[in-house]
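In structure tokens, one chain follows: the form predicted alone.
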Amino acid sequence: MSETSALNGRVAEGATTVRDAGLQGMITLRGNLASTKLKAICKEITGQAMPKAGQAHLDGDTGLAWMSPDELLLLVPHGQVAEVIARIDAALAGQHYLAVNVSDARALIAVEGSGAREVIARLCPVDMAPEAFGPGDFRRTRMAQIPAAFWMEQDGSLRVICFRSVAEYAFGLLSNAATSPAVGCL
């Protein structure tokens, strides 16, 4: 696995800060999300209950995000991915599933500060009003010209996941949106 993040610690500071969130263990888990065994191993690994559509249940660098009716994104500490996949393989033996380490294929970017909602609203076709999107909400969408996903933390900051190959572009988009004058609609 990679020893450095895609953005190598980059930070753009202002009223809203955009920063490389560092290395994050990420596992795509596909299968029957109603399976008792799948739910149990996910809870055992992350300590989190199965999220509903459009939700993420996270605690620090560990958690679950709902990606589609048969797909979850498991977030675990970067150095534990191989061990976690082995645990999933043992727990789900005999079931139809797929568990893949996607950590090195993704980048994680933090958007923090009072303008975090507006930064995302400028780039994504998602209603970022507080009554429409709050802590624990998760979306897969497009951010300008690239696929991305993001969720809101309890403190109102956002975490954005994109492909590693477009991390520089994503960081530039987010940084530009963060330093542009506020529209003030959110």
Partner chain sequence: MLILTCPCCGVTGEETEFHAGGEAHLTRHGPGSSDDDFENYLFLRENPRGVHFERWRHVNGCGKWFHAARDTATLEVFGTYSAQTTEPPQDIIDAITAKRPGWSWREFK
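Residue numbers count along the first chain shown, from 1. As the structure is a prediction and not an experimental result, all values here were calculated from the model.
Here the subject shifts to the form predicted in complex with the partner chain, a form of this protein not shown in this document.
Participant: Find out whether any non-hydrogen atom of M50 is located within 4.5 angstroms of the partner chain in the predicted bound form, and reply yes or no.
Facilitator: M50: no contact with the partner chain in the predicted bound form.
Participant: Is G60 close to the partner chain in the predicted bound form, meaning a heavy atom pair under 4.5 Å apart or at it?
Facilitator: So G60 does not count as contacting the partner chain.
Participant: If we define contact as a non-hydrogen atom of the residue within 4.5 angstroms of the partner, is I41 a contact of the partner chain in the predicted bound form?
Facilitator: No.
Participant: W66: heavy atom within 4.5 Å of the partner chain in the predicted bound form?
Facilitator: The answer is yes: W66 has a heavy atom within 4.5 Å of the partner chain.
Participant: Among 42-50, 113-121, 154-162, 141-149, mark the stretch whose residues have heavy atoms within 4.5 Å of the partner chain in the predicted bound form.
Facilitator: The contacting stretch is 141-149.
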